[in-house]
Ligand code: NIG
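Taking the form predicted alone, here's one chain by itself in structure tokens.
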Amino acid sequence: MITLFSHIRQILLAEREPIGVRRNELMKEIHPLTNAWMLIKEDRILDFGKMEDLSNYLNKHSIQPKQEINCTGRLIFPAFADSHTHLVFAATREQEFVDKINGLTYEQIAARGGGILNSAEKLAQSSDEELLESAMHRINEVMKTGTGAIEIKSGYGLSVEGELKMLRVIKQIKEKNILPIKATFLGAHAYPKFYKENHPAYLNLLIRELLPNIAAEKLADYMDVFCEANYFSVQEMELLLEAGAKYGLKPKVHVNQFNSLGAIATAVKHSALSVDHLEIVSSDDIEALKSSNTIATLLPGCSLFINIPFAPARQLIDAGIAVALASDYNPGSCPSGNMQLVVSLACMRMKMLPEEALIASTIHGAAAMEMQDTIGTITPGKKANFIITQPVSSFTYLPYAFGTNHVYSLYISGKKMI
């Protein structure tokens, strides 16, 4: 079936030949097409153009759309691609929210048994069915604010049974959704209490017990490590990345959230698809990224929620580094998967231009999940994954009016989801 979307105020990121990952000035080019039409056929984008050319186009190609949707006053642009989430978890952690208000830091909460270990304990007590039900609810929640592709990490299991449980739930989520989903193994999220003083034993468990099982069941696309002081060292990260690579798991790693330890250069050496967080960045980190294809994925929602510095997006972009934006949806440091808020925060607190934030949250998010060939731009032949907004004056209005849900409709593979 062919559907016509007509009288569109603007289509953004409309490209005949997709550019892919952009750097420098290209991160400002969103190719607005004003007073436009777009055709989709089944699950794919068929074509687009100016309204004054529509009749000639339809006659020339002998096309009679089965349905027409009038988009007067509305924008169409690619659905958000959220490339960093911890969306599968057992319970919320609002008590830690109060602890933060009372002055405790993220590290202090973790040191007294909160944080990741708190989530791991609750996950161990939850069934697969409970985890799946709550995660499906969150998937539906983030779709309402425009998310059209998502990455989900494990990392709250911290045991063979717990990590496999999480990854199997993520596999079920994939099977139950037409939403494009990637899975990441993050067993190296924190050291469990039992292994706190015996790092080699836990590393051995991850490498010799978990990785072979994950590979056998095809449960993960990527390998992640939380490389940070009091978590996993650069040397431990490298050991794990090398082990993951033997099973075909590409690196997507947590680095530089609180400290710059040299992890970025090591991740780049191992051809990391993305390095995520980057709230603290050194000149050496920037030099390592400038000469690589690794994407810098920034998570402003986390900075807002736990009151840490925002990543220096302006410095990274001006250095010619490809920047993506993601939500970091998780129960402890960012209990929100709203990518519209992420875009607003990027503009307000990280000095990204609205055009840069749009590219970072769509095509670059897609690239950080290796989906840039199928989603992320409005391009003939790509999946029909896009947002129709409420009537607005321009895209800039969306990050400006940060308290409003601007999504009128969300289409995934040509199917109206919202």
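Note that residue numbering follows the sequence shown and begins at 1. Treat the numbers as computed from the prediction; the structure is a model and nothing was measured.
Same protein, other form: the form predicted together with the ligand, not shown, and the subject of what follows.
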With the partner left out of view, is residue 116 within 4.5 angstroms of the ligand in the predicted complex by any non-hydrogen atom?
yes
Under a 4.5 Å heavy atom criterion, is residue 156 part of the interface with the ligand in the predicted complex?
yes
Can you work out whether residue 106 and the ligand are in contact in the predicted complex, taking contact to mean some heavy atom pair no more than 4.5 Å apart?
yes
Is there any non-hydrogen atom of residue 302 lying within 4.5 Å of the ligand in the predicted complex?
yes
Which of these stretches, 170-178, 125-133, 211-219, 251-259, has heavy atoms within 4.5 Å of the ligand in the predicted complex?
251-259
Between 165, 182, 93, 74, only one gets a heavy atom within 4.5 angstroms of the ligand in the predicted complex; which residue is that?
93
Listed residue that, although the ligand is not shown, lies within 4.5 Å of it in the predicted complex (heavy atoms), from 340, 333, 266, 292:
333
Out of 175-190, which residues reach within 4.5 Å of the ligand in the predicted complex, heavy atoms considered?
189
